[in-house]
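Only one chain is shown below, in structure tokens, and it's the form predicted on its own.
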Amino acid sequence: MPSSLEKAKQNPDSMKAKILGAARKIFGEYGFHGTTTRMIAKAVNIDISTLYYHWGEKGDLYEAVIMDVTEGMRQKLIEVEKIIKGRPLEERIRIALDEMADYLFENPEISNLTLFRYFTKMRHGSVLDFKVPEYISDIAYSMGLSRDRNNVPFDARMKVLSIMNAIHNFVSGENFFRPMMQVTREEYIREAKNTLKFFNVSAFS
């Protein structure tokens, strides 16, 4: 029997999908503890009972959001790997940085949720036990930092963490940093990508 998440993905116009989309944005903005089911229901213009009918408790919906985000990242990384495969290392890094930064700027809740997971603890039992797979080794392999996808060295994984954290910080910090820099969103994104390439291309190639 398909899960609620599978049903939502199969029918993007369904109420399940609308609730999931709203939950992604609100959890991404306020985190697990700062979000209430009433906030999500209000965003979709439904009552609480309808939300519970489609998704159950808040923790169940949060887990579905994390699974959805994780699967989206996995698919994006597969796409990026196909694009950069066989290219010179410097070119692989430049393309990977552009592609991942664009994807995360288009879906800022991913970076926000990632940073919330870094710095907050979940009291909800099912959320606490929920393990989100990380794709650090896959990224390291795709970028050419390891010859073996299944045995990626620790230092290569740490390098990937530094890159991903830098992207997440630019994305999550946009509303704080951009007014400080007094630039448009397009200028901010362009310069964020240029800065990421400035520090990482020479370092890794």
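Please read these numbers as outputs of a predicted model, since none were measured by experiment. Residue indices: 1-based, along the sequence shown.
Unshown form predicted in complex with another copy of the chain; subsequent notes refer to it.
Undergrad: Does H54 make contact with another copy of the chain in the predicted complex, using a 4.5 Å heavy atom cut-off?
TA: Output for H54 is no: heavy atoms all beyond 4.5 Å of another copy of the chain.
Undergrad: Please tell me whether any heavy atom belonging to K42 falls inside 4.5 Å of a heavy atom of another copy of the chain, as the geometry stands in the predicted complex.
TA: Because no heavy atom of K42 falls inside 4.5 Å of another copy of the chain in the predicted complex, the answer is no.
Undergrad: For A17, is any heavy atom within 4.5 Å of another copy of the chain in the predicted complex, or not?
TA: Outside the cut-off, so no.
Undergrad: Is A22 a contact residue for another copy of the chain in the predicted complex, using a 4.5 Å heavy atom cut-off?
TA: Outside the cut-off, so no.
Undergrad: Within 4.5 Å of another copy of the chain in the predicted complex, do G173, M180 and E191 each have at least one heavy atom?
TA: Spot residues vs another copy of the chain: full contact, yes.
Undergrad: Can you list, in sequence order, the residues from 35-66 that come within 4.5 Å of another copy of the chain in the predicted complex, counting heavy atoms only?
TA: T35, T36, M39, in sequence order.
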